[in-house]
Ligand code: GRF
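Below you will find one chain, with nothing else, as structure tokens; this is the form predicted alone, and questions on how it binds or moves follow later.
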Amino acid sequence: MASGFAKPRVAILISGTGSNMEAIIKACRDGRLVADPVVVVSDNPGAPGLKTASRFLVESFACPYRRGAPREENEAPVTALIKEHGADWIVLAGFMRILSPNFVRAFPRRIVNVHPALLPAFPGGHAIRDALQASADYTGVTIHIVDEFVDHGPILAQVEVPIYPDDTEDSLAARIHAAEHDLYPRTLQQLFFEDV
């Protein structure tokens, strides 16, 4: 790697345990993903992932969303933290809020999401349950660029995950998460350096 090379700076947005965030940070630490996770932001002050980020010495902040407030108002402190930390990319890792068009336009083609299904199948917040209820033979994981529509935008990578007859939501989720933790860092590495 050439001297003076600046690693892409990444802001990670979470709402819960942050298992994908942890997989991404670990990939950065062991060199599989050449990037610098500069800040973790959660809309949920009780998100366990905030403590995990702190354990990895990544600055972390809670920006709770106020019920009934416009999305842009709730997003303002998130946007400020991303800009303050000079993030080149925004990585959604279980961030359970729909981003406003203004937020997406502020970071065009710089927001990446992971979704626990093979989009366009099973969009929305209950993709694993929906796949089971549909008696599908398989589901999977999608990594995509975020646009102004929900669970939409250019697909970067997908991987299938089989659904077994005795699967529960928990057992299927465990296999999907394992696939996410592998695919997400690899896809980000490819994305960040596709033009290098």
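This structure is a prediction, so every number in the text was calculated from the model and none was measured. Note that residue numbering begins at 1 and tracks the sequence as displayed.
Not on display, but discussed next: the form predicted together with the named molecule.
Undergrad: Looking at 112-120, 83-91, 99-107, 67-75, which stretch has residues with any non-hydrogen atom within 4.5 Å of the named molecule in the model of the complex?
TA: The contacting stretch here is 112-120.
Undergrad: If we define contact as a non-hydrogen atom of the residue within 4.5 angstroms of the partner, is residue 19 a contact of the named molecule in the model of the complex?
TA: Yes, contact at 4.5 Å.
Undergrad: Should residue 9 be counted as a contact of the named molecule in the model of the complex, where contact means heavy atoms within 4.5 Å?
TA: Outside the cut-off, so no.
Undergrad: In the model of the complex, does residue 177 have a heavy atom within 4.5 Å of the named molecule?
TA: Flag for residue 177 set to yes.
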